[in-house]
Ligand code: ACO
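Read the single chain below, which is given as structure tokens and is the form predicted on its own.
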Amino acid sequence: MEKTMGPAGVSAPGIRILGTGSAAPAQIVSNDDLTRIVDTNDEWIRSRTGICERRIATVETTRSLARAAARAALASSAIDPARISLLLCATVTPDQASPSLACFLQRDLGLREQMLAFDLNAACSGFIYALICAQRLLDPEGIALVVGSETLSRRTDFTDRNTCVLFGDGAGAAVLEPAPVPFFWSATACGDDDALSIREHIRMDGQAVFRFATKALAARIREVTEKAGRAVAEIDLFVCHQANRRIITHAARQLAVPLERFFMNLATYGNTSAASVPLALDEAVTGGRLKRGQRVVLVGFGGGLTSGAVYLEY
């Protein structure tokens, strides 16, 4: 199998995405709906974030959303679930601390017991970190299922107008196999516990997060494309964490890349943390925006403060 070089100079196989899936709660909460709860308005939210509505879990759980997204990804991959040997779940809102979401999914999906299954918390960078872990942990003949699932609404303070307009619930998943294709990654963590945190509720310093995100997004894209030996202009599609339209627009301007190459669905879902990138990836695939053989960069940034990007060929 052909090898690619990771950022530390360690040879490793690439990964191929075999299938994707996503899930979201049934209840839609519009910006106008939020005006009945806090002092805000639709124009204020749209102009500052690009968000028009979000999905809020009522009967759904982090587990049920993850299960639905995982089943959709398995169906689209046409892989026998018995072949899954690695299950990673990225989440900051598990339904309980232990057993892990991954262990529940292993049982719910009827996967074999001889496997690694665990949760990963890197906030909104979680799915990116999980892809990197999957690439490093997969056996040559193994298949990985990587899931990002969140019910952030259960950690949202709906009296805080600065945060309650931002977040929503959802899940996304991808099925991966080792493949002789390019895969490169870049990641950071700076140990900041003040800018964005979740204790009882989500707390965020909006200006600090915005400054971090605008720098991190462009920096990770530059780093990972350089490692891949590609110019930024050669990338067919960028799938970024869906936090704020202004952040993505700023990055496109910094990189001199047309905004049309940045997939966005945040208007519909808001910020879904670790579910954001895989949910957007699935919609990019099913909507025909990402086709086989195209070059894609996936990017996340969030609490920690963490950031990460992967380059791969779909």
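All values reported here derive from a predicted model rather than from experimental measurement. Residue numbers here begin at 1 and follow the sequence given.
The following text describes the form predicted together with the named molecule, which does not appear among the structures shown.
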{"item": "Exercise: Ile247 in contact with the named molecule in the model of the complex, heavy atom 4.5 Å", "value": "yes"}
{"item": "Proximity of Arg48 to the named molecule in the model of the complex, heavy atoms at 4.5 Å", "value": "yes"}
{"item": "Gly303: touches the named molecule in the model of the complex, heavy atom cutoff 4.5 angstroms", "value": "yes"}
{"item": "Proximity of Ser30 to the named molecule in the model of the complex, heavy atoms at 4.5 Å", "value": "no"}
{"item": "Residue (of Ala102, Cys133, Val209, Ala72) lying close to the named molecule in the model of the complex, criterion heavy atoms within 4.5 Å", "value": "Val209"}
{"item": "Heavy atom within 4.5 Å of the named molecule in the model of the complex - the one residue of Gln254, Thr268, Thr286, Thr40 that qualifies", "value": "Thr40"}
{"item": "Every residue of Cys124, Leu196 and Ala243 near the named molecule in the model of the complex, heavy atom within 4.5 Å", "value": "yes"}
{"item": "Stretch in contact, per heavy atom within 4.5 angstroms of the named molecule in the model of the complex, of 257 to 265, 60 to 68, 32 to 40, 277 to 285", "value": "32 to 40"}
{"item": "Within 153 to 177, the residues that have a heavy atom no more than 4.5 Å from the named molecule in the model of the complex", "value": "Arg161, Asn162, Val165, Leu166, Phe167"}
